[in-house]
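This document opens with one chain alone, in C-alpha cells, the form predicted alone.
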Amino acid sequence: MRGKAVLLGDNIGGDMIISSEHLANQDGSVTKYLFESVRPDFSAVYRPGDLIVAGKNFGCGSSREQVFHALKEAQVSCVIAKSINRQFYRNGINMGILPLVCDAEIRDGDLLDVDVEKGALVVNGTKEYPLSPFPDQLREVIRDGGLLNHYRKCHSLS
C-alpha cells in the first residue's frame, strides 16, 4: 500500500469517525461527514488511497458497524495509529480495513509505503518503522480482504 498521510489526533472514537446523526443521511453518502468534529477539513484533503494516521487509542468508545461502512464507502484501506482499541482492531480486520499499529513519526502529507508481509512502514522513502505483527490466525482473514470474504473462500460460496 502506498498513500499520503492524513493526520488525526489521540482518542478518536466511533462517534468522532462518523457522528450518529449522519448515519441516517437521506442522500446515502456519509463520506463528507467523516472526522468532521476532529478534522473539519478531512473531506477536502482526503482522497481514496490516502492513509489515515492517528495517535493513541484510535477507535475507542463505540465501534458500530456503520462506522466501518462509512470508512469503506470512503475507500479507507487502513488506519495507522500508535495504539488501536481492541474492538476496533478486530472489527477493522473483519471488515477489510487494516488496523496497523506503529509508533512512527509521521507528518500530514508524508508519503507512506506499507508492507504488511514484511511488517514495515516507510515514510517518504527514507525512514523505516516496524509494524506490530498480526496474529497468525488473522493473517489469512486479512489476505482474503475480511471475515466475510474469508468465510466465502473457506466454504466455497460465491
Partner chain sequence: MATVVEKIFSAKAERPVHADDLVTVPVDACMIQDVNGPTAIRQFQSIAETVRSPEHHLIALDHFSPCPSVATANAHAFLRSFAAGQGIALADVGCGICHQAMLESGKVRPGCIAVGTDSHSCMYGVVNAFGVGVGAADAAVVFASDQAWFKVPRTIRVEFTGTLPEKVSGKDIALDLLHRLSSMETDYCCLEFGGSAVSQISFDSRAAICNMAVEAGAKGAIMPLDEVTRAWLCERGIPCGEGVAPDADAEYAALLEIDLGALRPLVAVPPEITQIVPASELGEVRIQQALIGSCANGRYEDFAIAAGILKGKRIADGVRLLLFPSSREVERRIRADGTLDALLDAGAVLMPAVCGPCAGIHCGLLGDGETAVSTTNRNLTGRMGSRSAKVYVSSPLVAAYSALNGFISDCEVSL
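Residue numbers count along the first chain shown, from 1. A quick note: this is a predicted structure, and the numbers were derived from the prediction, not measured.
We do not show the form predicted in complex with the partner chain, though everything after this point is about it.
Listed residues Val123, Val30, Ile93, Ala54 were compared with the partner chain in the predicted bound form; Ile93 is the one with a heavy atom within 4.5 Å. For Lys4, no non-hydrogen atom is located within 4.5 Å of the partner chain in the predicted bound form, even though that partner is not displayed. Ser77 falls outside the set of residues with a heavy atom inside 4.5 Å of the partner chain in the predicted bound form. For the chain shown alone, Ile84 is a contact residue for the partner chain in the predicted bound form, at least one non-hydrogen atom being within 4.5 angstroms. In the predicted bound form, the partner chain sits within 4.5 Å of a heavy atom belonging to Tyr89. Judged against the partner chain in the predicted bound form with a 4.5 angstroms heavy atom cut-off, the residues Leu148, Tyr151 and Ser156 are in contact without exception. If you take 102-140 and check each residue for a heavy atom within 4.5 Å of the partner chain in the predicted bound form, you get Pro135, Gln137, Leu138, in sequence order.
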